[in-house]
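First comes one chain, alone, set out as structure tokens in the form predicted alone.
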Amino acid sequence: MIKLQDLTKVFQTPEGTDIVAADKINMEVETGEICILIGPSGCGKTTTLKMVNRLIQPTSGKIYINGKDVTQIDTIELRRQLGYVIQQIGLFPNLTIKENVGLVPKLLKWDKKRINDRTVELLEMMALDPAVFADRYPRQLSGGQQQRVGVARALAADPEALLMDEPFGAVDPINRAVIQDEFLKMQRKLKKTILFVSHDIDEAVKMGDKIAIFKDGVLEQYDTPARILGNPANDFVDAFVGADSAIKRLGVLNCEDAYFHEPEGFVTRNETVGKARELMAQKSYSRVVVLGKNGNPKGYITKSDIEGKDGKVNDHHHPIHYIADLKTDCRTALSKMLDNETTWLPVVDESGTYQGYINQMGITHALGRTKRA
């Protein structure tokens, strides 16, 4: 979708000194991917972003969108094809929220009904009730709400790609996490191609399908979050991602990468204690999961719970306080284990059917596998 080929930008100081802001950047962002550009201040990430929509003209190199050289596209037309979101948001204070969101479609001469329908759709997508927010002005919204409107405006004309320059950087940490989650939920539906400048490695790991790490205008590494965290290209990248890179990697590993498939390690609530005891003896289990009639975990029972006892499993099992699914990230799963003073969690598929369990040992082994990959 977006391809940068030997992209270079050299600025010249008043004294005539050349400053290389971007030095032969080569990277490709596939359709539907979020690519995070990150690095220290002055590393070239924002310069690279701005060259894509020609807010800054490259010194040399090429930029292609869907195989077409952007220099062959009219600048105004190019910018209408690329949604643009900046940290300062840039809403027009004298326009209502619906007027801000509908600005580009209006310039494209959409009819009023189409603009209104699109505005309502996007405000709802951003969890901003149109009946409440459409006729308000930016000053009447919180910073987080304004940021959502900025994203909605960038999406209004259904652009092929989004360029986002630290879009959530000015939002407080609690609201930022909420907006990130909502944005990722939206992205799963829209599958836009996104270039996203960030200064926060945790945000990059959470949001990015790919991460591009810059230093002094040089692209030091371009890869998936898991591979960058597990196999940094050099000492700079290693230091940049931080000493807690293993903890960060938990956020990009899902339970399906680390769980133990256990198709026989369960009993139903109405089965006898004897059946549970027999299963644990046959399989050398220290516990078995107790399932409801739909195959969903309801609790668990251990050897000591039923030693010398009779009756139904339902009379003796412990409740389960948290259930992970296959797409739950390992960081969340481990956090829930610690919160609930346990070393394991049952894992279910998207329908809630028991699939197996995840424990701390499984997470450790998964980290080791991805580190060696």
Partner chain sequence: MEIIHYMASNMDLILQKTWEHIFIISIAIIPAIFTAVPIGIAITANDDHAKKVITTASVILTIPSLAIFGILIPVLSPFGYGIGEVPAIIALYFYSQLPILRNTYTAIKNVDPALREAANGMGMTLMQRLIYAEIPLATPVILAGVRTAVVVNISIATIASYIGAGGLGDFIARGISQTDKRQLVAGIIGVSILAICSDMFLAYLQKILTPKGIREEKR
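Given the structure is predicted, the values throughout are model-derived calculations rather than measurements. Residue numbers count along the first chain shown, from 1.
The discussion below concerns the form predicted together with the partner chain, not included here.
For a residue to qualify, one of its non-hydrogen atoms must sit within 4.5 Å of the partner chain in the predicted bound form; none of 269, 289 and 348 qualifies. When the partner chain is considered in the predicted bound form, only one residue from 332, 53, 314, 59 comes within 4.5 Å through any heavy atom, namely 53. For the options 120, 218, 91, 162, the one in contact with the partner chain in the predicted bound form, meaning a heavy atom within 4.5 Å, is 91. By the criterion of a heavy atom within 4.5 Å, residue 131 is excluded from the residues contacting the partner chain in the predicted bound form. The closest heavy atom approach of residue 188 to the partner chain in the predicted bound form falls outside 4.5 Å. By the criterion of a heavy atom within 4.5 Å, residue 174 is excluded from the residues contacting the partner chain in the predicted bound form. The closest non-hydrogen atom of residue 139 lies within 4.5 Å of the partner chain in the predicted bound form. Between 229 to 237, 91 to 99, 180 to 188, 197 to 205, the stretch whose residues reach within 4.5 angstroms of the partner chain in the predicted bound form through a non-hydrogen atom is 91 to 99.
Taking the partner chain as it sits in the predicted bound form, the stretch 66 to 87 comes within 4.5 angstroms of it through a non-hydrogen atom at 76, 79, 80, 82, 84, 86.
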